[in-house]
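Shown below, as structure tokens, is a lone chain in the form predicted alone; questions about how it binds or moves come after it.
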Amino acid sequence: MSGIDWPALKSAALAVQARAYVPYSDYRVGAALLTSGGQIIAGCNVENATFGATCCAERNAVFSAVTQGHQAFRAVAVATNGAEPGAPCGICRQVLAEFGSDLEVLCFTPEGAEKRYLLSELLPHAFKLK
């Protein structure tokens, strides 16, 4: 896992984590996605009273990137609070896998705990139509 400006991704993930809308869980998540062109696009989780309408930070970052014309990604940094870093949920893993299973994933906490993966490790049998 080299050639990625992890400090810049972590900084972007932490900045957007502070904007998360989490009145029900108080579990703030920020995600910063690195496009193949070098742009960083961030997203935070947004909760909803119906819970099913809640959207995770990773998906918000992907959806924002796609609306800006990006469909190739190199890495994602995911900031969560707690003693151990939280990994993307199953739905987010599948959405990320739509754009490539070789995505580098850094899960971290503001306190310094980190775990690194390839998306293919987190979702070894992703559903694919193409």
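Quick note: we count residues from 1 along the sequence shown, nothing fancier. Values in this document were obtained by computation on a predicted structure and should not be read as measured data.
As for the form predicted in complex with ligand THU, it is not shown, yet the points below apply to it.
Proximity of A97 to ligand THU in the predicted complex: non-hydrogen atoms within 4.5 Å are absent; the residue sits far from the partner. Among heavy atoms of E104, none comes within 4.5 Å of ligand THU in the predicted complex. For the chain shown alone, T54 is a contact residue for ligand THU in the predicted complex, at least one non-hydrogen atom being within 4.5 angstroms. Taking the partner from the other structure, ligand THU in the predicted complex has a heavy atom within 4.5 Å of a heavy atom of A87. Contact residues in stretch 90 to 118 (any heavy atom within 4.5 Å of ligand THU, taken in the predicted complex) are limited to C92.
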